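Form predicted alone, single chain, as structure tokens, below.
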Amino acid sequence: MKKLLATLCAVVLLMTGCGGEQQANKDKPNDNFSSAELQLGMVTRLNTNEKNMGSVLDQFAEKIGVKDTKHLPKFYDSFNAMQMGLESGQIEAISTYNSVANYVVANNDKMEIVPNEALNKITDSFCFAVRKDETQLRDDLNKVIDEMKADGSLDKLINDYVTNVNKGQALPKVDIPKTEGAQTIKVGVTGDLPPLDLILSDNTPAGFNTAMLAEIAKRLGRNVEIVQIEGGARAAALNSKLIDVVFWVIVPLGNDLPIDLDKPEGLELSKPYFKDDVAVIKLKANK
């Protein structure tokens, strides 16, 4: 399965051109940071390319009154690869989420959170994605999300695994229950976006998203199998039935950004189960 997913990822990248390596600017120090023309790392969006994403961000910045700012996104299929791009000088900064930025900075003293007038005003919601013909699975997921919101268990997971997590320590492992003879749902996750989701070196899941999956498995009485997959291959893996659910897909809140930047044709989205503001991190300046 892992070899098949790796092959699929390679095919997707060749077809779309997303995530391709760019030549690093050797004359630019790693601590360079420009607010006027920002080379920005982002996790691959499924329904747009780097050029279009840059135009969307620039238009949004202009609309909210931020002048003379040009965003130059570079897509990465994993957060680890994006951090390496930052350290090698391929990009100046990383666009991520407050929860991720706070955790990363607490565990890496080379990085810091920096303000960005436009990006800091963006809030994204997180959803499940299923194939368009899997409406029953979508409805089942929506039912669990509604139940967890109503009984307070979703807020508790967010508090335990995001808000109040000890950001300077390793994330707690998550045990996903197994039910003998139950149907298995294969869920694709990137597995390298702490504290939201993380696959540890021993293949044990950790973080908020996997704790959410454990609760879903328990409430639906089904087994959940986690399949680690690169960001750019999420939709292809879903539509080819290598996985049943993509966990997660992003939908910008409000009317200022297109809502389908991460939603190609053929996908149905669940109700949002989590939201977070966008944050920017960069390397600290060399002393």
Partner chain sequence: MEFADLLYKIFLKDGGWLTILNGLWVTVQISALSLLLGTVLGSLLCFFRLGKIKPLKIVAQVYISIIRGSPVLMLLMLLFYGVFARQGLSPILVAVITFSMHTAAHVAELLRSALMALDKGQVEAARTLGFSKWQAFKLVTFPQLVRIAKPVYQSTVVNLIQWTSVVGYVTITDLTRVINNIASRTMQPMITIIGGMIIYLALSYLVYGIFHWTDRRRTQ
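Here the rigid core means the biggest group of C-alpha atoms that line up within 1.5 Å when the two forms are laid on top of each other. This structure is a prediction, so every number in the text was calculated from the model and none was measured. Numbering follows the first chain given and starts at 1.
Although not depicted, the form predicted in complex with its partner chain is the subject of the following passage.
J.: Heavy atoms, 4.5 Å, its partner chain in the predicted bound form: which of 62-70, 258-266, 227-235, 49-57 makes the cut? Say which one.
T.: Stretch with heavy atoms near the partner: 227-235.
J.: Even though the partner isn't displayed, in the predicted bound form is Val104 close enough to its partner chain, meaning a heavy atom within 4.5 Å?
T.: Val104 belongs to the contact set for its partner chain.
J.: Can Val165 be called a contact residue for its partner chain in the predicted bound form at 4.5 Å between heavy atoms?
T.: No, no contact at 4.5 Å.
J.: Given that the partner is absent here, does Glu112 sit within 4.5 Å of its partner chain in the predicted bound form, heavy atoms only?
T.: No, Glu112 is distant from the partner.
J.: Is Phe79 part of the interface with its partner chain in the predicted bound form - any heavy atom within 4.5 Å?
T.: Yes, Phe79 is a contact residue.
J.: Suppose contact means a heavy atom within 4.5 Å; in the predicted bound form, does that hold for all of Ile145, Val249 and Pro252 with its partner chain?
T.: Not one of the three qualifies.
J.: Just one of Thr135, Asn159, Asn108, Ser153 has a heavy atom within 4.5 Å of its partner chain in the predicted bound form. Which one?
T.: Selected option: Asn108.
J.: Could you work out which of Glu117, Asp139, Asp175, Glu87 is the residue within 4.5 angstroms of its partner chain in the predicted bound form, going by heavy atoms?
T.: Partner contact (heavy atom, 4.5 Å) among the options: Glu87.
J.: With the partner left out here, which residues of 182-209 have a non-hydrogen atom within 4.5 Å of its partner chain in the predicted bound form?
T.: Heavy-atom contacts within 4.5 Å come from Gly191, Asp192, Pro194, Leu198, Ile199, Leu200, Ser201, Asp202, Asn203.
J.: Look at Ser201 and decide if its Cα position differs by 2 Å or more between this form and the one not shown after superposing on the rigid core.
T.: Result for Ser201: yes, a 2 Å-plus shift.
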